[in-house]
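Presented as structure tokens, the chain that follows is alone, the form predicted on its own.
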Amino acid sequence: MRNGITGATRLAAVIGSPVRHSLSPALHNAVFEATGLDWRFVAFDVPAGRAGEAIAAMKVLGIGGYAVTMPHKADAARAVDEIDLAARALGSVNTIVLRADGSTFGASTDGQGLIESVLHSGHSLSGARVVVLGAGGAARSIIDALGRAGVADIAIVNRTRDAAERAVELCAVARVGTPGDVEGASLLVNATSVGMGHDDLPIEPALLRHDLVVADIVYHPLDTALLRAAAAAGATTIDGLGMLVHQAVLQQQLWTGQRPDPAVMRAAAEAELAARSR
């Protein structure tokens, strides 16, 4: 670090359980080091059901920001003083800011992180037709953000119809879809865990084509079976680090007021993943 820790150093942290696997410390500390911001980022393993206590501690200790991961996102949404529109719609918070007046503000940056990742790759979402695979927490955040991004249609494809029907309620352009909807889509998002640590595909490779953009939220491994099949079909691919990095960019902007360079975060994440695979 450029500067040592002093009495003026601000602290941010990820809270969850477990958190030892989190890439957040690597991403955020890389930017703090590169820019000289007098902040440090650590990880706190907070047992389930104790998010409220962690947020109370945030106020007492002056911790500037939290990244919130499982199992605390819903509890955090109920415990903060104010939440943004996305967090309210989802009932979930992944980012908490300690304001100057001592109050806490909760936000959800996950879905917008996917939006930013797609836009950063040079693709427009205005009027796009999208297929989202999955209807869990990550998928819901993406569906909500897509609805705010001006897409024309969101087909939700999920193993259980009831979960897909609940996700449809997040925005007016969402509907329960089928794998066949990929044929008319411009963007396919895998928001399931299929592909994490194995070679299973969440969709038939015959549905992939050269004019499709395929985004996968799985980042370990980076080169998932879906992305390999998409590349073989000539499709444009966006790996899971895209969403992870861009949601972290939005988090840090909320905490510090400064927008960090996503390339710095991306490089730090890749280096950390490479070190873990040795």
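Residue numbers run from 1 along the displayed sequence. Treat the numbers as computed from the prediction; the structure is a model and nothing was measured.
One more form of this protein should be noted, the form predicted together with a small molecule, which is absent from this view; the next part is about it.
Distance criterion of 4.5 Å from any heavy atom to the small molecule in the model of the complex singles out Arg159 from the list Arg148, Arg99, Arg159, Arg78. Of the residues given (Cys171, Leu208, Ala163, Val176), Ala163 alone sits with a heavy atom within 4.5 Å of the small molecule in the model of the complex.
Shown alone, this chain has one stretch from 134-142, 117-125, 178-186, 81-89 that lies within 4.5 Å of the small molecule in the model of the complex by heavy atoms: 134-142. In the model of the complex, no heavy atom of Gln112 sits within 4.5 Å of the small molecule. Contact between Ser193 and the small molecule in the model of the complex is found at the 4.5 Å heavy atom cutoff.
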